[in-house]
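Before any questions on how it binds or moves, here is one chain, the form predicted alone, in structure tokens.
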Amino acid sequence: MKVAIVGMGWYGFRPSTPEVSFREMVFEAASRAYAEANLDPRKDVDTFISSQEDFWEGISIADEFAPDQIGGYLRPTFTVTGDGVQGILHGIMHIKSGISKVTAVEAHSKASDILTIGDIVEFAMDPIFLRPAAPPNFHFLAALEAKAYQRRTGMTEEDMAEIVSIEKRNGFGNPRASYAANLNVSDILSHEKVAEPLRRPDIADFVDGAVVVVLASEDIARSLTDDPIWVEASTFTETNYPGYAELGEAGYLRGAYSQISKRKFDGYFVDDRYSFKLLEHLGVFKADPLALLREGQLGEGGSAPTNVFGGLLSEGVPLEAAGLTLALEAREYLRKGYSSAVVGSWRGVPTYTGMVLSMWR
């Protein structure tokens, strides 16, 4: 049995959304997703999934606040403490197991409400090996990976700056890309370093946003649309301490990719919350991504079109909705006439959890 995306909706994707609560933001995204799918959540949706983390919400058992705005009041509603692509994976399992015919998945971010987001990330770090090191900021873990990736591949800081420049420009024309900018390599290299070798432009900013995805079984999908987008998803977690995970290898994403049956894609949408991660993650799907960058093959029309709408460096990091943000980009790419795309998502420092979402028409 195949599973399809029959509706997607989003709201926000701005540094701050003071006009709405996180619940109102999710309601707006859900309303748009159900309108696109032409479904009534109170009658046509069997199960609901919320992807959220109590630490981000500042509320214990935050999933109690999930059902109302997605139409799941007094209906089967489930929580996935993880990225929205992990929520999609659970939704696929609901449908393939026969629990559901139609499942809605939401993920959101109200990062602007979090006063000490760095402290929360540091609290998630290993309490024996990492927290006592008292790093100046939580980006030091990504910096270690960046150095490891540099040593392994020969990637330079100029290459990283070129990625930032490309991604920021790719965001122009994308209504979600609050951080799109016209920056050249010298502009980026002029910034001070946050953690060697990462400069401030190498790091994506956090953003408020909500995304809702409506999944349907094959028979329902074909009754709703003549051109469904089929999906397959997987997730994988490595041991979450650098002494055991191979830095700069994206083993978490390779593990997830090994579980996906589809292997050929027209477009690549990978987590780039740190500039070098674009190459590290793309390397899971395409050989020698550094050469592809230097040869100018990452743009639309190249041999490996990657994040052609700007990725997270342009759109920002909406916490657990990051993977669904890339899925929105992948869907828009398919709507331009391409036949397949892949999303490679990562839950971010300090995790070693990756998700792969394969999408095709």
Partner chain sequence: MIRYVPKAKYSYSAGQAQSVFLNGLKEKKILGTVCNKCKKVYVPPKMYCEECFKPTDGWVELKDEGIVHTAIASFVSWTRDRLEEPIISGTIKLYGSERDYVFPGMFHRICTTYDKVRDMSIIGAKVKAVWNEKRVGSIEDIQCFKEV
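Positions refer to the first chain, counted from 1. Computed from a predicted structure; not experimentally measured.
Only in words, not in the display: the form predicted in complex with the partner chain, which the text now covers.
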Counting only heavy atoms and a 4.5 Å cut-off, does the partner chain in the predicted complex sit next to every one of L189, E232 and Y333?
-> no
Answer option from L298, I70, V317, L328, heavy atom within 4.5 Å of the partner chain in the predicted complex = I70
Out of A148, V194, I114, A181, which one falls within 4.5 Å of the partner chain in the predicted complex, going by heavy atoms?
-> I114
Please determine, with the chain shown alone, which of 127 to 135, 93 to 101, 257 to 265, 279 to 287 has non-hydrogen atoms within 4.5 Å of the partner chain in the predicted complex.
-> 127 to 135
So, in the predicted complex, is F172 in contact with the partner chain at a 4.5 angstroms heavy atom limit?
-> no
Using 4.5 Å between non-hydrogen atoms, is S339 touching the partner chain in the predicted complex?
-> no
Just to confirm, R14 within 4.5 Å of the partner chain in the predicted complex by heavy atoms?
-> no
Is A30 close enough to touch the partner chain in the predicted complex, meaning at least one heavy atom pair within 4.5 Å?
-> yes
What residues of 87 to 126, in sequence order, lie within 4.5 Å of the partner chain in the predicted complex by heavy atom?
-> K110, D113, I114, L115, T116, D119, I120, E122, F123
